[in-house]
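Listed next as C-alpha cells is one chain, alone, in the form predicted on its own.
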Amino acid sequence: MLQVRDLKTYFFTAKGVVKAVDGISFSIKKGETLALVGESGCGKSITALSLLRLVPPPGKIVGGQIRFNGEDLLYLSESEMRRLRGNRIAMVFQEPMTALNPVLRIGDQISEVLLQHQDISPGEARDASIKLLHQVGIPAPEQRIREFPHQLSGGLRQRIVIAMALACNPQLLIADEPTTALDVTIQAQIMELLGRLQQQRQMATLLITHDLGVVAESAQQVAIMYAGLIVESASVAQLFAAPGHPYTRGLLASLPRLGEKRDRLSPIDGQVPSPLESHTGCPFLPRCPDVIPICSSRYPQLQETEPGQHVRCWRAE
C-alpha cells in the first residue's frame, strides 16, 4: 500500500543544512502495522509529515519517492494532496490539546472533516460524529459533541483525535506517538482501541514511537531510526530475538525487565550527533561499543543479514 524509497527531507537554515531524513526506505502492506522507533530528534515525526507533504519551512523534501497505491505523492498538486489528507491518509498527532481547536466544539471539529471530504449534509455529519465517538468508546457522545476540548481529559481528547482521523475510513493511518503524556492505563486503552479499529477496517498503520513495549504489543514490522537513517528493519519477532545493530541492542539493554534485579539500567553512552554534522563513516561511531577500523572511514549501507532483516552496520557482514 505504501512504498517509501530513498526519502530525503532537509532543513536549510542559517547555520547549515539539517538532514532530518537522509535517505530512508520502507513499505507497509494493507492491514499491517510498521513501527518507526528511535530517540527524540532522529527524524520520526519529520518522516510522518513528509508523507503528508506537511513539512514546515525551511524544510523541503529534496529526493525520493512516496508511492501510495502505486501513485507518487510527490507529484500530486496541492489541491490533490488536500483531498487525500484526512481522507485516504489520516494522522493522529502526539499532543491532542494542540491538535484540537480550543474554541470550537468537538462535534463541529469532527463534522468539519466529514463535510470536507464527503457529500453529506450538516445533520448527517452530526449523526456520523456521534457514531464515531461511540466507536472510539466515548460515553454519552450526544453530550460530548457540544463540549470544548478543555472540558475533557487527556484520554478523551486523544480518542476524539482518533475519531477525527478515522472519520473518512482512511486506508493508511499515521499515529505519531499517540500515547504521549497519558498515564500507563490510558496508554494501554488507546493502543488497544487503535488495534481493534485497525483490524475492523483493515487499515495499514505507521506507528511512530520510542516505546519498545508498545512495539512488541502492537506492530508486525519495525524500523529503527538513528540520525535521520534507518539502521535496522525486521519483523518484531526477529528484532527482539536477535537484534543486529549495536544501537538496537543498546535500546533493548536499557529496558527494565520484570523478575530481573539490577542496581542500574544500562544506558547508551554519549549523545546523539548534531543534525548539522556530516559523516564520512558511521553516524553511530562515537557511541558504539563494537567499532572496527572501517567504521570511521566508510559509510555503511543497509544490507540483508537474515531473510527479512536489514542492518546498517559493517559488523553485520
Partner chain sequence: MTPLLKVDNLNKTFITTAGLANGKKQRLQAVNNLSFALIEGETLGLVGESGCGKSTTGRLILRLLEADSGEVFYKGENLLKISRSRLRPLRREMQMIFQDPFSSLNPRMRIGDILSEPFKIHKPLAATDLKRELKNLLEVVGLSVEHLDRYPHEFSGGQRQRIGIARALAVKPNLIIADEPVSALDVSIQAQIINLLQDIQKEFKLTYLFIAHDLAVVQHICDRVAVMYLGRIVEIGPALNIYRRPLHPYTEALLNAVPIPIPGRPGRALLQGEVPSPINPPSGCPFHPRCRYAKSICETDLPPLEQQSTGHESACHFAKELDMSR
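What you are looking at is a predicted structure, and each value in this text was computed from that prediction instead of being measured. Residue numbers count along the first chain shown, from 1.
We do not show the form predicted in complex with the partner chain, though everything after this point is about it.
Under a 4.5 angstroms non-hydrogen atom cutoff, the partner chain in the model of the complex lacks residue 170 among its neighbouring residues. With a 4.5 Å cutoff on heavy atoms, residue 71 does not count as touching the partner chain in the model of the complex; it lies far away. Heavy atoms of residue 119 never reach within 4.5 Å of the partner chain in the model of the complex, leaving it off the interface. For residue 135, no non-hydrogen atom is located within 4.5 Å of the partner chain in the model of the complex, even though that partner is not displayed. Proximity to the partner chain in the model of the complex, defined as a heavy atom within 4.5 Å, holds among 186, 208, 113, 130 only for 186. Judged against the partner chain in the model of the complex with a 4.5 angstroms heavy atom cut-off, the residues 60, 78 and 82 are out of contact without exception. Screening 288-296, 23-31, 60-68, 264-272 for residues having heavy atoms within 4.5 Å of the partner chain in the model of the complex returns a single hit, 264-272.
In the model of the complex, the partner chain lies within 4.5 angstroms of a heavy atom of only one residue of 131-153, namely 153.
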